[in-house]
Ligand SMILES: CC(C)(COP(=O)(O)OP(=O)(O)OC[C@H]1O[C@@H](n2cnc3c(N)ncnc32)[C@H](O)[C@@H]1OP(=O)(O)O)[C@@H](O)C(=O)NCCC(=O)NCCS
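The data below hold one chain only, encoded as structure tokens and taken in the form predicted on its own.
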């Protein structure tokens, strides 16, 4: 059974490896374990992990601005072997609950326009398309900004 929990020290290597494996979904080609560690220890960042039998199977992070009640989801990913099993939804719901507890009410996610499966995923989770950001990534890809209120 997959468990969703907060990031723990030592998760950074598995998260970095999974991020690299799924890097077509992200703007960055490589995110180091050190960067994951530093992000997870920021007071304005929430990092949750999905785990099965001791293996990291997914993750979801969110940068938030407590003073204005806003946040941005990202990164979020689930290993290919565990996709379409509800894990992404569990990760997102836990992260949204954590954000709500931190005083956040408005949450956005930015998804590459070509990543239709992820766009549909966010829409099924209650997000709506708010804007198209043309040539948003450093590779010149369009990105869709989605929004939800919690």
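Numbering follows the first chain given and starts at 1. Since we're looking at a predicted model, the values are computed, not measured.
Quick note: we don't show the form predicted in complex with the named molecule, though the next part is all about it.
For the candidate spot formed by 76, 88 and 120, every residue has a non-hydrogen atom within 4.5 angstroms of the named molecule in the predicted complex. A residue is said to contact a partner when one of its heavy atoms sits within 4.5 Å of a partner heavy atom; residue 83 meets this definition for the named molecule in the predicted complex. Not displayed here, the named molecule is kept clear of residue 100 by more than 4.5 Å at the level of heavy atoms in the predicted complex.
For residue 52, no non-hydrogen atom is located within 4.5 Å of the named molecule in the predicted complex, even though that partner is not displayed. The shortest heavy atom separation between residue 41 and the named molecule in the predicted complex exceeds 4.5 Å. Proximity to the named molecule in the predicted complex, taken as a non-hydrogen atom within 4.5 angstroms, holds for one residue of 46, 36, 107, 111, which is 111.
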